[in-house]
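One chain comes next, on its own, written out as structure tokens in the form predicted alone.
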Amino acid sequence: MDFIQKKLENGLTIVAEVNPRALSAAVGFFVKTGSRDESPAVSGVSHFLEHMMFKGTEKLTALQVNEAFDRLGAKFNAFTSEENTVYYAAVLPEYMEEVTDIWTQLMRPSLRDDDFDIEKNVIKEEIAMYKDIPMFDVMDRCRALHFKDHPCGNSVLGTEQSIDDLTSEQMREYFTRRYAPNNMVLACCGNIDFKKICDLIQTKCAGWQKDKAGRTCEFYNGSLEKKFSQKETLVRDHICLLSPAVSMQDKRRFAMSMLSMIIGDSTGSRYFWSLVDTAIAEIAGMQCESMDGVGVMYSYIRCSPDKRELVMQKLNDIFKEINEKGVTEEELQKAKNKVLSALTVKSEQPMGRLTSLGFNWVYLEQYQSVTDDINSIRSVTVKQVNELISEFKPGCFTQLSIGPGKTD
């Protein structure tokens, strides 16, 4: 596989991992914008724009957009996070230029008022839907509690009120500033003709205008507050813990990922043996999220309300033991094997490589091959993991719990 990259004069970067032996191709626009880039006045606008991008252009209706993707057999979608909005598609190699052309058109949408007014109701229905999902609700609220005034605590969806108050003019202003070419990366993987893609992007995107689209990146340890919220309609307790972790720019992110897997993987972890295998909790997991300048480790636990105290006792025992004794070589090797298996299976398809390729360039302006990632994972040592435990203290966490009972 070959890595190639090119940067247009307006700042739009094209990165590609070319594999002539692949049977498919994938492409994606990575826009470095998300809820952390929003002011309170436009809370939820990044996610709102993700919806609006599929409403069409001056030349394409929403129906024609969907018909175009469907005609190519494309597997396409988009997602918005706290930091990025990504639009992607996977197709047969012969349709790569055509599907890329569709995305270049959609990246400059019409943003019609009629579509905007209709989509408000769609977004508010989505907000209501996620409030009915306790796992999402508790994690979203715990994130806000953990980050407080730090922008990473902003909700991706916004609120019903913020969506009601949002104007189409505010949305367009945000789009112009944040969807500037110097704040975007086009990534493509698989069996592609890089020259043809570059020629297409030069023709379609060279006229896009630069804009100021900076971001404040500050590390934050978290509030470490603990709250319980009663919700009588629930039958289970839902517990979320957040503790600080390394950023995407920190080379220790691979070791941090190993630590979160040792503590809270869905099978064979300390959470699993102490909480799930013993039937104290139905679900108990931890994952690491490294972001721009900051990071967090999430834990989510679901249990019966009468076992809430026992769950917290077991969690404290787990963190106390890992703080005092660290992790073992056996635990680390198991974690490495799991991560390496997942990584290699995912990377066998161009679509699986696309997000890694795009995000490495968005955050680091760096190419990491599969081999590079494998070597980085294999090189993690017990000493490195135990140093992270000492520095970041996963047992010191922000906690939000929701359940049917009352707090003690």
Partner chain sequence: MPEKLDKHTLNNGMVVLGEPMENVASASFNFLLQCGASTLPEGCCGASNLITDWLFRGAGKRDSRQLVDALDGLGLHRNSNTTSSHISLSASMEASNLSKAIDIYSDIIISPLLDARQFELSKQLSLSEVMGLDDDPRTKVLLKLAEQFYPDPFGRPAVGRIEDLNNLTPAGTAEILKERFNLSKAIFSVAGKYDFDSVCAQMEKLFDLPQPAFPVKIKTKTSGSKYLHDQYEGAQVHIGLMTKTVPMSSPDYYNAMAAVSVLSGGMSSRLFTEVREKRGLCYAVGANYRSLKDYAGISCYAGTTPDKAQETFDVVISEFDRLRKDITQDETQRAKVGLKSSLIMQSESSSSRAGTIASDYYLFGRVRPIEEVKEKLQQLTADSIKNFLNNNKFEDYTVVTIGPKKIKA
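Numbering follows the first chain given and starts at 1. Only a predicted model underlies this, so the values are computations on that prediction, with no experimental measurement involved.
Not on display, but discussed next: the form predicted in complex with its partner chain.
A.B. asks: In the predicted bound form, does each residue in the set 112, 144 and 148 place a non-hydrogen atom within 4.5 angstroms of its partner chain?
C.D. replies: The answer is no: none of the three residues contacts the partner (heavy atom, 4.5 Å cut-off).
A.B. asks: Does residue 319 make contact with its partner chain in the predicted bound form, using a 4.5 Å heavy atom cut-off?
C.D. replies: Residue-level check for residue 319: no, no contact with its partner chain.
A.B. asks: Using the partner position in the predicted bound form, report whether residue 62 sits within 4.5 Å of its partner chain, counting heavy atoms only.
C.D. replies: Because a heavy atom of residue 62 falls inside 4.5 Å of its partner chain in the predicted bound form, the answer is yes.
A.B. asks: Would you classify residue 356 as touching its partner chain in the predicted bound form, given a 4.5 Å non-hydrogen atom cut-off?
C.D. replies: Contact with its partner chain, no.
A.B. asks: Report whether the minimum heavy atom distance between residue 281 and its partner chain in the predicted bound form is within 4.5 Å.
C.D. replies: It does: once its partner chain is placed as it appears in the predicted bound form, residue 281 has a heavy atom within 4.5 Å of it.
A.B. asks: Quick check on this chain: which one of 384, 10, 399, 24 has a heavy atom within 4.5 Å of its partner chain in the predicted bound form?
C.D. replies: None of the others qualify; the residue that does is 24.
A.B. asks: Just to confirm, with a 4.5 Å cut-off on non-hydrogen atoms, which of 341, 39, 379, 371 contacts its partner chain in the predicted bound form?
C.D. replies: None of the others qualify; the residue that does is 341.
A.B. asks: Report the stretch among 229-237, 136-144, 201-209, 250-258 that approaches its partner chain in the predicted bound form to within 4.5 Å, counting heavy atoms only.
C.D. replies: Every other range fails; the passing one is 229-237.
A.B. asks: Is any part of 122-138 within 4.5 angstroms of its partner chain in the predicted bound form by a non-hydrogen atom, and which residues would that be?
C.D. replies: Residues within 4.5 Å: 122, 125, 126, 128, 129, 131, 132, 134.
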